[in-house]
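Only one chain is included here, represented as structure tokens and corresponding to the form predicted alone.
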């Protein structure tokens, strides 16, 4: 008999069916055993009567989180979840769980770091909770929206290597690995290869893949490995063209995810509010927020400037544009009329940076000068510089942190909760 998902049972009343899933709870009431079963779609109640002698005795020996196949009759029962239950006719134990679970399949106190550490040690059990599965349904819907936009607008997906011969951002915060007889580095971003695609004439590309950052950070928003979504586009006039594409991408993603989560999810409208870094610093100073960073925003400043913008515009997104050169890598294009500022931006969402982007410098002589200004040796980036020696269109792009977006949509206490298997300074398992 073909398997029926639990969410479909309401259409099967009076029918014999087969369900498969985990035993969530067991209640032995003497002459009857109640099992609450869970599959990917929902939960339901299974009733095992004493008159069904063989399976009744089996039910008494079960442990929670064992995996079962249950054959039975679907019946109406007002006291049961969703008003239906299954009267069991046969039970097969597909996998018996050990009687003592290392962690309960129950909600821990939100934000308790010690309990989070233990849950992450047993992540595959922690992920059985339905609200955890919903996190990754949201990931799926958001990415489907992005991909639909890219497909409709002529983007090409590329797959870039994680091993690099030189750091992609700078010498700091990079994982160095032994690569046969050489040193290699884990990619801090696919930046160089996105730009190579522009030099190859691909014009529009997107990437979904791992990013590695050797930052000794112990915050709720940092990981040493995370999934990044990137795009790069050619023939732009300025970084504002990149921002416009990013707006369209996010709108498409939010529309796709709108009905997946019970959390308040407002599909944003164009244009997103924009402030220069100088304007943001002025507004924060007027609000009484002291700045600890001259060329960037602190987490407190990010939260406060978003709060002020939400009050003024009702918008949950905010672009901070025109960062000083001190805060940006050498390959960001600089304003011709103000070379101390770059044609770059960060996008904040609900008080957190989720995206960094810029127009890139595509003129090799200027790139070389800017690299020297940042004290980078040209030999170490020779392959990268060669991308621009034989013609390359003006271009720009972004790196997006989808885990941070999910974290803010669902109001999760840490990005670790939004990550299937998080990696941080201390964690390499499971």
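Please read all numbers here as calculations on a predicted model, not as lab measurements. Residue numbers count along the first chain shown, from 1.
Although not depicted, the form predicted in complex with ligand ATP is the subject of the following passage.
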Taking ligand ATP as it sits in the predicted bound form, is residue 394 near enough to touch it, meaning that at least one heavy atom pair lies within 4.5 angstroms?
no
Taking ligand ATP as it sits in the predicted bound form, is residue 246 near enough to touch it, meaning that at least one heavy atom pair lies within 4.5 angstroms?
no
Please check if residue 158 has a heavy atom lying within 4.5 Å of any heavy atom of ligand ATP in the predicted bound form.
no
Heavy atom to heavy atom, is residue 77 within 4.5 Å of ligand ATP in the predicted bound form?
no
Looking at 23, 409, 17, 415, which is the one with a non-hydrogen atom within 4.5 Å of ligand ATP in the predicted bound form?
415
Exactly one of 301, 353, 126, 85 comes within 4.5 Å of ligand ATP in the predicted bound form through a heavy atom, and that residue is 353
Heavy atoms, 4.5 Å, ligand ATP in the predicted bound form: which of 27-35, 52-60, 380-388, 400-408 makes the cut? Say which one.
400-408
Counting only non-hydrogen atoms and a 4.5 Å cut-off, give the residues of 214-230 close to ligand ATP in the predicted bound form.
215, 221, 222, 223, 226
